[in-house]
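The structure tokens that follow cover one protein chain in two forms, given apart as structure 1 and structure 2.
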Structure 1
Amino acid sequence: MTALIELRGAGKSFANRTVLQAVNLNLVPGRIVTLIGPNGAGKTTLVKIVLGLLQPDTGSVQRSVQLRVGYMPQKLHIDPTLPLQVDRFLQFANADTAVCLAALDRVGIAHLIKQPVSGLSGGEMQRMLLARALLRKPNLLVLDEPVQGVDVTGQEALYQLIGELRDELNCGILMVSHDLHLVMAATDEVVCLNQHVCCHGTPQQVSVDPEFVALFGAKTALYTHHHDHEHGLHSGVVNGATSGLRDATCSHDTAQQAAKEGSQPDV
């Protein structure tokens, strides 16, 4: 398959501090690649290189001539002094109201078209940003922390939507995420970044990689704790190699995850 973007040995430093070194990244149509890594790992820098906002100091970036990027930024702060409704926000990407409405409808918030942007909830805001990215008719979506500020049910719905969009548009997707658990279910390939690519592969491969465990294992592992109810029912499911990395009382999500993956005991 022809790559949309291919990075070979990309490196970047700011003021003599190396932020990225020797990064290889290959984005192809129809595949979701998720970028994870601790703060300061260079995720933002790598995203900016993919977007063409930054040039790498070393290495090369190959872009397909047909490349059209839809970008969903990490956070949108609209100053309250700027009166801006959802339709007007989308018109920056496409002036046609009908097209904008269709995009909003696709992400499930067509009813919000006349709402002020500053009044949207976290999930609505992310969907609006996604709609704007779609308006570019992209073959590559770059989503920087797409579920930020969204509650856990909303996160699952959003990841599901992203998966559907990938199938419909057959576009490549590059996602940045902190939320290791949910994103693992929604991705084809994980790239674990800590200035260099520590490890990459399918979620199953990466989650047992020693470098990944060293970075995330002790603290956040594959998962964060979102729910507030008791769940003794699933506690028996957690066992095997990675169970020691997780809080034993919080096995609910892990069990769901395992079920979704077709019972992978180690995920």
Structure 2
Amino acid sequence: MTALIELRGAGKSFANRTVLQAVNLNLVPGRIVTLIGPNGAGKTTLVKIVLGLLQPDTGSVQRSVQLRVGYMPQKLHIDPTLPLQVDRFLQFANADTAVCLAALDRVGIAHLIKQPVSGLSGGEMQRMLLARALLRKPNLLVLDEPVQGVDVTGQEALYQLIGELRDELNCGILMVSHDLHLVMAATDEVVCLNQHVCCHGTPQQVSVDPEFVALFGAKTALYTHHHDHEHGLHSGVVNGATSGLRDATCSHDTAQQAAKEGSQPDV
């Protein structure tokens, strides 16, 4: 399969400090790659190289001539006193109202098109940013911490949406994430970075790799959620095989407790 972006031996230094060294990365259509690593591992620098905002000092970057990138930033700081509505924010990307509405509808928040951006919840904000990334009709989505500020069950719903978009658009996806418990079950390939690529492969392969265990500990486990219902924007159960599921408590207890106790690794 033709790569959308291919990095070979990419390295980057700042002020004589090596940030990345000999990194290989291959992003292809229809595949979700998740980038993890400790703070200071070089994840942001690598994303900037993928986006073309930085050039590597060593190695090479090959880009497909058909490459169209949709980028979702980790955070967006908007002055809460700024009278900016969702539709106007999306129109900054040079899209008309109908196109913006279609993108919002696809991510499940079309009803918020006239809402002030400052009044959006964490999950709604992330969905708005994802809608903006879709306006470019990308064949590569770069998602930097796409579930930032979203609770555990809301994270699962967003990861499910990201998987659906991958299937519908047949696009490649590069995600950066700190949320190992859920993201490891929502990706095809994991790249563990610590200035260099420590290990990479399927989530099952990486989770038992000695270098991964050395970074994050042996207790880090894949989080697999089996259920017959769906979650809405605000984490409630909105659909189930039986009506009783609507009032049932979903079994996210392990991941939620881990988050409360601070036992999730800081990736």
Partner chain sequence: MYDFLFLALFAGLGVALVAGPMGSLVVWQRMAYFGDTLAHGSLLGIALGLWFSWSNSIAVVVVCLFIAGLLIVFERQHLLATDTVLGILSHGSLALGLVALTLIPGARTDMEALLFGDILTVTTAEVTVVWLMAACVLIALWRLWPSLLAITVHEDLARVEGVRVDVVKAVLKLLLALVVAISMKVVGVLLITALLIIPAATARHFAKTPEQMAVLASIIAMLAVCAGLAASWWLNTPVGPSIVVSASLFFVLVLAGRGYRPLA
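If you superpose the two forms and keep the largest set of C-alpha atoms that fall within 1.5 Å, you have the rigid core. Predicted model only: the values in this text are computed from it and were never measured. By convention here, residues take numbers in order along the sequence of structure 1, the first being 1.
Taken from the structure described as the form predicted together with its partner chain is structure 1, whereas structure 2 is drawn from elsewhere. Annotation: Cα of residue 170 displaced by less than 2 Å between the two structures, core superposition. Taking 2 Å as the criterion, residue 82 counts as shifted between the two structures: its C-alpha moves by at least this amount when the rigid core is aligned.
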